[in-house]
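Given next, in structure tokens, is a single chain: the form predicted alone.
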């Protein structure tokens, strides 16, 4: 009896290309590390724990398929031929979730609806100029990465745009744009994006400390204006902005609908809907999102030559967005006659509510009495809106080029 055919996870290591074998072993180790860091709280546990387990299972659980091909029984991405798709839906246990909820952006929209439930647009309405200015500056990575990708890396416009959206630091945006603009790199770019989005939680505090001197990080925001935005006003804001943006950017209508519907449900006070979306839909979508990303991290995908430019561009895009957001914070600082904390600028990168929490944490480390969270949340929520607008513009314009 050939033991290598019995224990095929190990046996396949002896027939694959050495680079793939090394990649499988490395990704298995990375998966274990992600689970550890997620459980420890260093990285986002809601995504990292299922993602780490998925990476381990996808790379360890390889076996010999038909015609001596090596694969797994979890998922096969981007299967387009109908007969093959029907067959694989009956075999790979996560294939129905991938095809019926992941590759058509359903999960992205559900997550975005959950983001709407978590967001209070009252902060944007209370400080509209400050929030919008910072959010626009924080789109620096989304804007500048496109010419970098096309001119320096030679990527086609569709792939360059999909890579640029990583700068929004908004996972659903990346999923949505990549599937529409560049489905051929959808798996690679979404896996890379979510890895980076988790790592930026650890990286942005150092960026703040590098670019903002300690005495500025502890500044209080001096304002005498007090705003009491009612739920009725927030509902009106949500339906008006959603309507206007859908008229202008219908390609982004699924994301806009999902986000502003979540906001409206939050403000309506219908607790049964709020609990259903926040406690059930959002957590279920986030769990399967992390798990799907993990199982898609097989060595053949990650070691594809097209992935390296995406890794570099994703890092550039997120770094530029962080720098742009901090630059926006400084801009408001000078406009407000030095009565503003530039640390708030990092919150313009629309990773709700993480970047707002990062801003508050970094400010509180210097001055425990400073409270900037309300301003940071305004910039953060506004960043979601500007990111959706830019995503809609890319999706609408790129096919015309």
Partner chain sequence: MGDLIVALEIYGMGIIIAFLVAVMIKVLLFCIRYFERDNNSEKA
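Residue numbers count along the first chain shown, from 1. None of these values were measured; they are calculated from a predicted model.
In what follows, reference is made to the form predicted in complex with its partner chain, a form of this protein that is not presented.
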{"property": "Partner-facing stretch of 190 to 198, 121 to 129, 88 to 96, 213 to 221, counted where any non-hydrogen atom is within 4.5 angstroms of its partner chain in the predicted complex", "result": "121 to 129"}
{"property": "Contact assignment for its partner chain in the predicted complex, among 303, 143, 312, 73, heavy atom within 4.5 Å", "result": "143"}
{"property": "Exercise: residue 267 in contact with its partner chain in the predicted complex, heavy atom 4.5 Å", "result": "no"}
{"property": "Residue 240: touches its partner chain in the predicted complex, heavy atom cutoff 4.5 angstroms", "result": "yes"}
{"property": "Residue 137: touches its partner chain in the predicted complex, heavy atom cutoff 4.5 angstroms", "result": "yes"}
{"property": "Non-hydrogen atom contact residue 150 with its partner chain in the predicted complex at 4.5 angstroms", "result": "yes"}
